[in-house]
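Taking the form predicted on its own, here's one chain by itself in structure tokens.
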Amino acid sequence: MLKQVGKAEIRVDGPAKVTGRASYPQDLYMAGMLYGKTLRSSKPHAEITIDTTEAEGLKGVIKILTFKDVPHNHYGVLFKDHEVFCSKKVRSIGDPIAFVIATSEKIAHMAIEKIKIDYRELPGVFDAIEAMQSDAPKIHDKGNLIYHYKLRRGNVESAFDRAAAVAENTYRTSMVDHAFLQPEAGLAYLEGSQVVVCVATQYPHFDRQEISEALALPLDRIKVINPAVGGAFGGREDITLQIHLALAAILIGRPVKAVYSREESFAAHSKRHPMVMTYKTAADAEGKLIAMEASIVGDTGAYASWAINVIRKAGVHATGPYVIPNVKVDSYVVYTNNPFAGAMRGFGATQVPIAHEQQMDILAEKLRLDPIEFRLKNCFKPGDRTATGQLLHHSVPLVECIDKVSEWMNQNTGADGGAIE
């Protein structure tokens, strides 16, 4: 048992990556393969009409795929709210509208320029708070509010009435791109009755399911191969070019490859959810936290992706690593016409520390307490319960961590408060 623990082991994929022998999707090549390029929306919210006639007449263009070519024109990890190719309207800049298949990348690019899109622009909404209003433009027919998570513990109103110090502020975090080193790329081809899709992904089994549903194919006719992955961090949990490539290979009967530019990568994949977080936090005269109330609104952009999981996680972690006996949290996630947001490292737990840690500093200052001592007085220890009721038995090292950081700071700070060179 545990033969590898405590030993220096060489990663299985390590030598190939450091020597450059590893094969990433853009490295793949097959004889006779064609090249694909996606036409994406240049408008954030508009009804559209597509005319591919001129582009189809270009020498070297094999076929141009649109929504008419997709058996079931939808996909999505939780809700099927994406369209493989937009049919009647676009909901965000970067939405896929058509996929050109050509004999070269150059011709595919030329064909993209010749596709005519008639945009009839619609009112858009780009602020998550505004998107919650009843008169806001609707991104999807069922409305903009996707999910509301509630957390209740104790009586916050009574606790605020007896507080010695209260901090009340609104904090905002921005949209963030994963910016992984390897932009999206892939190759699809036929292998007997199977379509094979080679693409860097975090969920080959989910990709297979999504391809199956969109193309109305049984799972045993779809194979997803995951070459070397040049970074992901959550950004490869949603489909980008997988269905496009699979459909192209099936309809044409030849291998089809696509490689995104960095610009297209930014437009195609999900982002970290921007959040607006309004916090009210209270402590008593001894410096013990007694109450916290928070409203968190997450902007998932035009499509849901993992929005429910992300905003629930934000609500669960809204109190931070602190014992607070009275808690009220409401976290919401809404559609807007912004680029869509999804999974990214931390999954909703990354945004809320921006709020709860500044609240700790403000309360410590109001009570004239050292911010480190204030945190030590309130942070989780073995035997404590979280606001959701979880009893913490083990792996609660925060006191030790804070002590170590504080010790280092004291040893490496000069008398004037500056760092020692």
Partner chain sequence: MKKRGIGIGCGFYGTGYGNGFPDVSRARAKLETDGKIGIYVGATEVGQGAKTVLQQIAAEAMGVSIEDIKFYCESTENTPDAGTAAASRQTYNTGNAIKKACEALKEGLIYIAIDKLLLNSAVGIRVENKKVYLESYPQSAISFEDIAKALTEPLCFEESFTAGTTKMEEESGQGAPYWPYTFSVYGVEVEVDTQTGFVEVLKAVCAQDVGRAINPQLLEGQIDGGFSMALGYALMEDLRLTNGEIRNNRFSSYIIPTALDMPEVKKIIVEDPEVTGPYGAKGVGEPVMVAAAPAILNAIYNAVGVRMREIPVTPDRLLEALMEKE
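Positions refer to the first chain, counted from 1. For the two forms, the rigid core is made up of the largest set of C-alpha atoms that agree within 1.5 Å on superposition. What you see is a predicted model; the values in this text were computed from it and never measured.
Heads up, the form predicted together with the partner chain isn't pictured, but that's what we're talking about next.
S.K.: Does D177 make contact with the partner chain in the predicted complex, using a 4.5 Å heavy atom cut-off?
M.R.: Contact check for D177: yes, within 4.5 Å of the partner chain in the predicted complex.
S.K.: Heavy atoms within 4.5 Å of the partner chain in the predicted complex: does N226 have any?
M.R.: Heavy-atom contact with the partner chain at 4.5 Å: present for N226.
S.K.: Would you please decide whether L122 lies within 4.5 angstroms of the partner chain in the predicted complex, comparing each non-hydrogen atom pair?
M.R.: Contact with the partner chain, no.
S.K.: Using 4.5 Å between non-hydrogen atoms, is A349 touching the partner chain in the predicted complex?
M.R.: Contact check for A349: yes, within 4.5 Å of the partner chain in the predicted complex.
S.K.: Counting any heavy atom within 4.5 Å as contact, can you tell me which stretch out of 135 to 143, 281 to 289, 261 to 269, 155 to 163 lines the partner chain in the predicted complex?
M.R.: In the other structure, the partner sits against 261 to 269.
S.K.: Just one of E47, D51, D361, E56 has a heavy atom within 4.5 Å of the partner chain in the predicted complex. Which one?
M.R.: It is D361 that has a heavy atom within 4.5 Å of the partner.
S.K.: Looking at S87, Q194, S295, T103, which is the one with a non-hydrogen atom within 4.5 Å of the partner chain in the predicted complex?
M.R.: Selected option: Q194.
S.K.: Can you tell me which bits of 6 to 24 touch the partner chain in the predicted complex, meaning any heavy atom within 4.5 Å?
M.R.: Read in sequence order, the residues that approach the partner chain (within 4.5 Å, in the predicted complex) are G6, K7, A8, E9, I10, R11, V12, D13, K17.
S.K.: Does superposing the core leave R21 with a CA shift of 2 Å or more between the shown form and the other one?
M.R.: No, the C-alpha moves less than 2 Å.
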